[in-house]
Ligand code: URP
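One chain comes next, on its own, written as C-alpha cells: the form predicted alone.
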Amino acid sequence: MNNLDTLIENGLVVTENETGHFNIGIKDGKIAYLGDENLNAEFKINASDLIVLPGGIDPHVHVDQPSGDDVIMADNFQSATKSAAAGGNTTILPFAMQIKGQSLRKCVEDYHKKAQGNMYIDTSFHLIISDPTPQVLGQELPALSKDGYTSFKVFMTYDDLVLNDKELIEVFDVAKQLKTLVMVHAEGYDSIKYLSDKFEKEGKTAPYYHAPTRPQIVEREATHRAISHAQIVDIPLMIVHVSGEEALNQIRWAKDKGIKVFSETCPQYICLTEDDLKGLNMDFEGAKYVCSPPPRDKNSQEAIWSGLIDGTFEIFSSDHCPFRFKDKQGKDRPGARTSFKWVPNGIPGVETRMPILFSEGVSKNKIDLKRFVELTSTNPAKMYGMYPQKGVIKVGSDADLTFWDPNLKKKISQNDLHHGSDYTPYEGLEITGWPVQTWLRGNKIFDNGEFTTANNLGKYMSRDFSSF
C-alpha cells in the first residue's frame, strides 16, 4: 500500500460489524485501511484510551429558517455547523422550508445561498412542503428528487405549514412515484387549536400551558392518521420527534402489522419533562423549554428508552431549532409574555445531542457502542441516502471520525457551547463521555475545545434514495 496520509493507532474502533482495537489509515480524505498492521504514514496519531467512532449525522436540524416577521432564528449555517462539529457531528441535514406561495426550487436556491462557504461540516437539505400546488407536485418535486433532494417533510399542525388529509395523501402519492422518503410532524392541528383557545379563555396563558394544549393523545391521533394515509398509498414513512408512549405504541402497532414505518426521538424526551415548562414559578423562564411535541413525564422517558433499546427507533436526532431567550426577536417576541401560543417553538441541541445519548445511554449501560453508532450515524446515513460514503468506518468511506474520551466528566454549560442561542435547556446536566476530536474527510477540525482550521471545509451533499 502506498504511504498513507494519516494512520490512527490504538483506538477502540466501532465498525458496522465489530468493536475492537484497529488501526485506521486515511488517504485523500477517505478511509484506505482498517486492520492491525503498522503501516507507513506521513502522520501517526495515538488514540490510546479513546474510542473512535464515525462522525455523527444529525438528520433533523433547523438552521436560518424563516420564523415570522418579528422572529429570527439564532443560528446561521456557520454557527450551527460549528456547534455541530464541537458535538461530534460531521454532517447535518437542515430543512429548506417552502413558504406558501413560493416556488420550491426558489426556496432551495435561497438556502444554498445562505449555506455556501459557511459550513464547518458537510450538509444536505430536506425539503419542507407547505404549499403542494400542481406545479410543486407535478414538476418541482420530480426535478428536485433527480437532483438528490430525496426526502421531504410535511406538517399536520402550525397555521402556515399544516396540510389537510387530502394534501397529505397527494404528497404521499408523489413520494411513492419518486421513491422519496416522507418525514411527518404528527400533531393534530384542530385539536391543538381547540385546546389552545379553551386554555386562553380560562386565563391559562403561561409558557407551561403549551404542554397540556398538546397532550399525548394529540400526537397519538395524528401518528395513527399519518400511518393510515401511508398504508392507503403504500409508502414507507418517517415519524419524527416521537415524545412518549402513546405515539410509540402506534408505531409498534404498525411495525407488527408489517407496515413500513420508521421513527426518531430526541434528547428532550429523555432529559426534560413537562414540569420544566413551569420555569421558576409558572413564569416566563418556562419559555426556554417550549418545543413541539413538548416534553412529557418520567413514565414517557422510560417508554422512549424502551424504544431506543429494543430498536423501535431507528434514529436519535436533536430537532435543533434555536432561538435566543433574552431577545425581542427570539423567545421574548412581542406577545410571548401574554400567551404561550406566541412563544417561538423550538430549543437548541445540535451540540449536546450525542454527548447526552452517550452519557445517559452508553455510560449508564442502557445501550452499547454499536447501538449508539446506529442511532446517531449509521442509520441516518442509510435512511437518507448517504451510506456508505457517510456513517460508517469502512474502507472507501469518507474519513469522518470522532474521538471520544469515555471517562471525561463535565456539566453542560452555555459558556462552553458554540450555538447562536443564549441558553441551553440542558444547563447543569452532568455528562460522562465527550467527543474530544472531530475529523472531516481526514482533516482534524476540532481538538479538545479548540477549532483547528480557519477554513469552512464543509460541502453540500447530493443524496441517493433511502436504503432502509
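Treat the numbers as computed from the prediction; the structure is a model and nothing was measured. Numbers follow the displayed sequence, beginning with 1.
There is also a form predicted together with the ligand; it is not shown, and the following applies to it.
Check your understanding: Okay, which stretch from 297-305, 249-257, 344-352, 129-137 lines the ligand in the model of the complex, with non-hydrogen atoms inside 4.5 Å?
Key -> Partner-contacting stretch among the options: 344-352.
Review point. Given that the partner is absent here, does residue 155 sit within 4.5 Å of the ligand in the model of the complex, heavy atoms only?
Key: Close contact exists here: in the model of the complex, residue 155 approaches the ligand to within 4.5 Å, heavy atoms only.
Review point. Does residue 292 make contact with the ligand in the model of the complex, using a 4.5 Å heavy atom cut-off?
Key: Residue 292: contacts the ligand in the model of the complex.
Practice item. Spell out, yes or no, whether the shortest heavy atom distance between residue 82 and the ligand in the model of the complex is within 4.5 Å. Key: No - in the model of the complex, heavy atoms of residue 82 and the ligand never come within 4.5 Å of each other.
Exercise for review: Determine whether any heavy atom of residue 60 comes within 4.5 Å of a heavy atom of the ligand in the model of the complex, and answer yes or no.
Suggested key: Yes, residue 60 is a contact residue.
**Study point:** Residue (of 182, 121, 321, 393) lying close to the ligand in the model of the complex, criterion heavy atoms within 4.5 Å
**Key:** In short, 321.
Review point. Considering only 381-398, what residues come within 4.5 Å of the ligand in the model of the complex, judged by heavy atoms?
Key: Result: empty, none.
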